[in-house]
Structure formats: structure tokens, C-alpha cells
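Below, in C-alpha cells: the form predicted alone, a single chain.
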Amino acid sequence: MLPRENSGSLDFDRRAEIVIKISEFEIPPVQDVLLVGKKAPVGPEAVRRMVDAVSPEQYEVVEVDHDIFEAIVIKKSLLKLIPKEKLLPLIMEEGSRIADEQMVMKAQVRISIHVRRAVTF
């Protein structure tokens, strides 16, 4: 909000931009990653049961020692591309910038691996 001067007094110009993205409900409603806050309405065990019921063997529930998050649910296929020890700290760092302890946040993660090799002949 920027003040706008009007006849010697200050008025405030308030605007709201609303963007709505409507898409098909996903089963499970996790996408690639689910960040579970320490005081979220669901805990790691409830999330584990949900993902096991709708997508058996597709996700790993990792309990973490973090200020905001209690657990991270992550697609196992992502952990085949990048080791858990490298990927989870990055996800927690970025997630903690926008989340709090009461939230359950879903995240989409896209990984591209670039390889350049030279051969001698």
C-alpha cells in the first residue's frame, strides 16, 4: 500500500488481487511433498495411513527435528534422483519461509538432471 496524496491529506490506495486456480482433486492430495507442521490438525501417523491407503509404497514419511515441521511426506521417486540428506533440508528451508506450525503444506518438486560427458577417440 502506497500513500497517495490527495488535497493536502494522505489517502491510502488498497487493492486486492485474487488469483484462483481450480483443478481436479488429486488422490492422494499430496503431490510430491507434504510438510506437516508440529501443531497441524493431522500428525505424521494419520498422514502415513492416508498415503498408504491411497498410494501404497509411493511415499515415505520422514519425521524431522525442525522448529516448524514435524514430518515430511515425500514421493519415493524423488529420493531416487536426489539423496534424502540433500533434498529434505532444502525443502524445509524454503517451506519454513512461508509456513507455520499449524499448517500442512503441499509442494510440487521438479528435478532436472543435466549430464555432460566427453569421450576420447
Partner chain sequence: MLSIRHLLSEKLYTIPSSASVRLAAAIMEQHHIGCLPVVDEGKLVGIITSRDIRRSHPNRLVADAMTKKVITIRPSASLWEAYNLLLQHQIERLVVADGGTVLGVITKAQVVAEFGKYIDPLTTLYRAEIFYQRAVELLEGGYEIAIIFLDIDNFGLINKEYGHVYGDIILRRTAEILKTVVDIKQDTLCRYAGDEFAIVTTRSLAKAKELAETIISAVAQEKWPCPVTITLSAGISGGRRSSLRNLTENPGYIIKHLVNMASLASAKAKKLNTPIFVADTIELRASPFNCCERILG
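Not measured: the values here are computed from a predicted model. Residue numbers count along the first chain shown, from 1.
The discussion below concerns the form predicted in complex with its partner chain, not included here.
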{"query": "Its partner chain in the predicted complex reached by all of 38, 41 and 45, non-hydrogen atom within 4.5 Å", "finding": "yes"}
{"query": "Contact test in the predicted complex: residue 70 vs its partner chain, heavy atoms, 4.5 Å", "finding": "yes"}
{"query": "Any non-hydrogen atom of residue 49 within 4.5 angstroms of its partner chain in the predicted complex", "finding": "yes"}
{"query": "Residue 63 within 4.5 Å of its partner chain in the predicted complex, heavy atoms", "finding": "yes"}
